[in-house]
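Presented as structure tokens, the chain that follows is alone, the form predicted alone.
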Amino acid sequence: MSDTQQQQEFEKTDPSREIGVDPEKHPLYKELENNPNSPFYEEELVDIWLFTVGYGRQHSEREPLPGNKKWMLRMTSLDDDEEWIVKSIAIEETGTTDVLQDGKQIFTIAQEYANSGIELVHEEVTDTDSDSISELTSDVVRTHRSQNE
């Protein structure tokens, strides 16, 4: 944990009632959900969004959303376990549990990882030269193994 992380202060805020995405990237989510060739075909958008949060966290940097977000999910779409996944990412990102009082910051971090992750996941799925299910599965297995070594 760096000194910057330790000195960061958080406001006591409630998260927004909805989860937003970049309006230009919203069609990528819909394509993953509606394309019969997608491993996410007919999956819930909340599950696709959570996957992009994790994938973005693992493979890229946070990418801020534009000011005019497309509201894609209600916060109530997340069950308690899913909400704790998002909170855990914020704790790891900031290096402190103090972030838990700042609901807006928690979901800003998640939305920014999803914003970078959606492009990577979409590219992986729509790349006609790859077997997207095998590639994504192999990637998840590699990540799991590296974290448990």
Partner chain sequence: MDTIQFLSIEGRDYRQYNGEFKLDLKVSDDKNVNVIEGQNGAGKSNLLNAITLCFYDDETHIDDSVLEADPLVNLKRLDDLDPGDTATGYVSVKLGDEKPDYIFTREFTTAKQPDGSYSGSTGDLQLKQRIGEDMHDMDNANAQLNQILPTGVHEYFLFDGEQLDEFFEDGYSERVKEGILDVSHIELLNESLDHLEQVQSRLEKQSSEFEGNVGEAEAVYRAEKETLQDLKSDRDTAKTELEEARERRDELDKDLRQSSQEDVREKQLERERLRERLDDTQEDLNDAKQKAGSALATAGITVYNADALRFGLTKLEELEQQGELPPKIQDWFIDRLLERGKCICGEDLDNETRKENLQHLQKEVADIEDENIDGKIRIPDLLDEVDSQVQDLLDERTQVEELREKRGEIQGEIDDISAFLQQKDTIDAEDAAALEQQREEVNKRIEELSHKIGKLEREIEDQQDTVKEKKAEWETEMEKEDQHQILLRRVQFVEEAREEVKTIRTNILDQVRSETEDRLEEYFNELIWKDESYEIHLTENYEVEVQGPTAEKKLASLSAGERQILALAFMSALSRISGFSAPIVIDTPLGRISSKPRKRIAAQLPGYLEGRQVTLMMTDEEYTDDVAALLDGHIANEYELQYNDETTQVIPQ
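Numbering follows the first chain given and starts at 1. Because the structure is a prediction, the values reported are computed rather than measured.
Just so you know, the form predicted in complex with the partner chain exists too; it's not on screen, but the next bit is about it.
Interface membership of Ile89, defined by any non-hydrogen atom within 4.5 Å of the partner chain in the predicted bound form, is confirmed.
For the chain shown alone, Asp47 is a contact residue for the partner chain in the predicted bound form, at least one non-hydrogen atom being within 4.5 angstroms. Within this chain, Pro66 is remote from the site of the partner chain in the predicted bound form, having no heavy atom within 4.5 Å. Proximity of Glu18 to the partner chain in the predicted bound form: non-hydrogen atoms within 4.5 Å are absent; the residue sits far from the partner. Annotation for 81-112: interface residues with the partner chain in the predicted bound form are Asp81, Trp84, Ile85, Lys87, Ser88, Ile89, Ile91, Glu92, Gly95, Thr97, Leu100 [heavy atom within 4.5 Å].
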